[in-house]
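Here's a solo chain for you in structure tokens, the form predicted on its own.
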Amino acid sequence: MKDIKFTSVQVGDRLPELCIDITAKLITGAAIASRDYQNVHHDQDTARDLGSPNIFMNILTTNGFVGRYVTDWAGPSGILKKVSIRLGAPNYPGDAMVMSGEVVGKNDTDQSVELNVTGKNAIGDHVKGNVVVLLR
């Protein structure tokens, strides 16, 4: 994997899209891996009893995907400095989340790049976030 260099990035640059298939196995496995045992992330009947059409992805998994998306783009030398996200439409099994991003700022002092990141599914925006990544 190639590192993105600070000098090669311009405000307005768009990151390549990343499509993530959302499966029950992904939702359940990631919830367990992050020690989130809330039943709406693994028990379909309970999720439905609480008004959801199905189990849904937890925020820790979403945050991980945002970080992965940015570091996959930045390369091995990219260092996440800040990740701030807001959840919207739930990620349900059988859907896909398409991640996209745009460079919205550069800081010459520490060679950081500010990105706006969005993850969309069939319902709408699952996640919107602001990420700062150090590039060398």
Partner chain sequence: MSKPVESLSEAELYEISVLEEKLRSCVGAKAGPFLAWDSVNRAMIRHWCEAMGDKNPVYSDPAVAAPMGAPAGAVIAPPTMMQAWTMTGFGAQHPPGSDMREQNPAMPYLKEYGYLAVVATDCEQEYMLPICEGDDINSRSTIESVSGRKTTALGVGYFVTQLTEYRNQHDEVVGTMRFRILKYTPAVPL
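Residue numbers count along the first chain shown, from 1. Bear in mind the structure is a predicted one, so any value in this text is a computation, not a measurement.
A second form of this protein, the form predicted together with the partner chain, is not displayed here; the remarks below concern that form.
Among residues of the shown chain, V104 is not one whose heavy atoms approach the partner chain to within 4.5 Å in the predicted complex. Contact between P93 and the partner chain in the predicted complex is not found at the 4.5 Å heavy atom cutoff. Interface residue remark: R136 is counted as part of the site for the partner chain in the predicted complex, having a heavy atom within 4.5 Å.
Contact check for D43: every heavy atom lies farther than 4.5 Å from the partner chain in the predicted complex.
Residues of 38-69 that come within 4.5 Å of the partner chain in the predicted complex, judged by any heavy atom, are Q38, D49, L50, G51, F56, I59, L60, T61, N63, G64, F65, G67, R68 in sequence order.
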